[in-house]
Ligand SMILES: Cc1cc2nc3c(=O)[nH]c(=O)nc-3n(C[C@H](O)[C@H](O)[C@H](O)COP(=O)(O)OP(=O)(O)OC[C@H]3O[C@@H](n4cnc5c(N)ncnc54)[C@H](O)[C@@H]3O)c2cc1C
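Here we start with a single chain on its own, the form predicted on its own, put down as structure tokens.
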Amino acid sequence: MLAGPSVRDVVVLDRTELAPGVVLLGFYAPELVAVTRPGQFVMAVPPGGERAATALAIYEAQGERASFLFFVCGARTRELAELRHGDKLSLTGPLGNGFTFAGARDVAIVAGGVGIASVLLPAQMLVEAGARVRLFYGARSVDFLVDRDRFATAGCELCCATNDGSLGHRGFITELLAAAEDKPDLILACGPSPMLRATAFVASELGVPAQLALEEAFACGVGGCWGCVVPLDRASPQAPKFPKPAGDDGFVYARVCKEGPVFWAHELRW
């Protein structure tokens, strides 16, 4: 059995279009499933091989099947979206550190748009461990609150928000989080940077620790190019040991793909 990140050739099992331009792609990958942690990702090489790999969160990982849930937003994801049953694909992964939530009993998961792709695994594991899980899920309209019933079936309580008011709260999902009557003991979040910054602010106001899975366009995905850095408190256990900072400003630059993508909100220097 392979352990840790590796280059893996997988075979597509199924493809579902959950909304216009939103694709769920399942594939046979038992070795990947065996070593995947919630919140990790892979670098997927489009089958043409002429374009750079693209980073995709691991959505499902059970038995012999794993999957991606992604939005078609360019040439690489468009090529991946055209894959069908029996097609082959090369992946590097699993990559990144993933979420940690041992002992949490009441968890708020905040997802915006494609950020939903990173949070199914932690939601399932938390529910199985007996924790209360509330999914705060936001999108621009009801059509893009994809697979929300999957989370409800898994045992999550759903709190939804849409920009146009087509389902749930009209406005930002972080407004619902801030107004929640019961304070969670942990927040997990993935989504666009403005939503993550707002989540960090709400978590600070509530006095609740929060882990944020940052969205970034990775060039290499393995920490070699230093093209996806974020300022991080120098005292953080996740702070890289090199290169040494030039000044004494209290932060260092951490690679989202290598030290992350999940960071404690209070350690990020936005």
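Note that this is a predicted model, so its numbers are computed, not measured. From 1 onward, residues are counted along the sequence shown.
Heads up, the form predicted together with the ligand isn't pictured, but that's what we're talking about next.
Using a 4.5 angstroms limit between non-hydrogen atoms, Phe172 is distant from the ligand in the predicted bound form. Under a 4.5 angstroms non-hydrogen atom cutoff, the ligand in the predicted bound form lacks Arg134 among its neighbouring residues.
The ligand in the predicted bound form is not approached by Ala178, whose heavy atoms all lie more than 4.5 angstroms from it.
Although the partner is absent from this view, Gly74 contacts the ligand in the predicted bound form, with a non-hydrogen atom inside 4.5 angstroms. Among Val45, Val208, Leu56, Leu232, the residue placing a heavy atom within 4.5 Å of the ligand in the predicted bound form is Leu56. Of the residues given (Met195, Ala161, Leu186, Val114), Val114 alone sits with a heavy atom within 4.5 Å of the ligand in the predicted bound form. At a distance of at most 4.5 angstroms from the ligand in the predicted bound form, all three residues Phe70, Leu214 and Phe218 contribute at least one non-hydrogen atom.
Only one segment in the set 62-70, 25-33, 232-240, 198-206 has residues whose heavy atoms sit within 4.5 Å of the ligand in the predicted bound form; it is 62-70.
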